[in-house]
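Quick heads-up: it's one chain on its own, the form predicted on its own, in structure tokens.
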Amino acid sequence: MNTDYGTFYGVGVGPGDPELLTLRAHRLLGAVDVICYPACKPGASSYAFRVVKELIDPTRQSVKGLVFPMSRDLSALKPIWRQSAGAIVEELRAGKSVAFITEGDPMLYSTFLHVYQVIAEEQPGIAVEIVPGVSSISAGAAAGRMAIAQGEQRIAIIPATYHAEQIRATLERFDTVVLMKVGSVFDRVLDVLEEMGLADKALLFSRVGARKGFVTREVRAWRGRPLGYLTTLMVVKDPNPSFEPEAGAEERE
């Protein structure tokens, strides 16, 4: 490990409510030298940054918005990820500690993973610490009073941008299906739920705990309405399962 470099932190800031920050995230964000956040274009703010803005001391901490365009073209994105990773490494090389913040959890569909993978490959001697955060899934389930899974139920977490056939197959195979970032394809996904008789078993939520966040089981009411990028749909086919104990389980216990 290269002790001449600062430490790189990946920090999950949760779904939107600053009170859902972990104690460790709160402490680190007040202590690091540099805080980086993902921005969709130069000079833009970000949802993650707004969650933690009040914790930052601009008199002694610098803040950098790193550009991560909203695109699925990997050939165009990879050079940008390397450029952002390079900006982080430059700060670390100067001996500064750097936190890259991301909404939810850093290890679940997060922008942090793009720069982390580049740094891990190209600068393996840099010390990296990852601080987990409350995911949108657990926050939405808690706010909506809907259990994610119980007993032997199986869970699938997938991008909502999968083709309808893939979503249908996943719903057939799993007891609970979480569809991430459903905003741009919600009507198409709702069509699948209606066809399968599952619309009444769904929970729709976005930015849980934030001022403009919401949680609802009235998913049909959102057909044709604009939904933000950070919107999640969770389908629980059997919210009150009953299980037969496995033979011999009582004896083993």
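In case it trips you up, residue 1 is the first one in the sequence shown, and so on. Every value quoted in this text rests on a predicted model; they were computed, and no experiment measured them.
The protein also exists as the form predicted together with a small molecule; that form is not presented, and the subsequent description refers to it.
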Could you spot which one of Val131, Ala99, Met180, Val177 gets a heavy atom to within 4.5 Å of the small molecule in the predicted bound form?
Met180
Counting only non-hydrogen atoms, the one stretch of 109-117, 91-99, 73-81, 169-177 within 4.5 angstroms of the small molecule in the predicted bound form is 109-117
In the predicted bound form, is there a heavy atom of the small molecule that lies within 4.5 Å of any heavy atom of Phe68, even though the partner is absent here?
no
How about Leu230 - does it come within 4.5 Å of the small molecule in the predicted bound form, if we only consider non-hydrogen atoms?
yes
Since only the chain is shown here, I'm wondering whether Phe205 would be in contact with the small molecule in the predicted bound form (any heavy atom pair within 4.5 Å).
yes
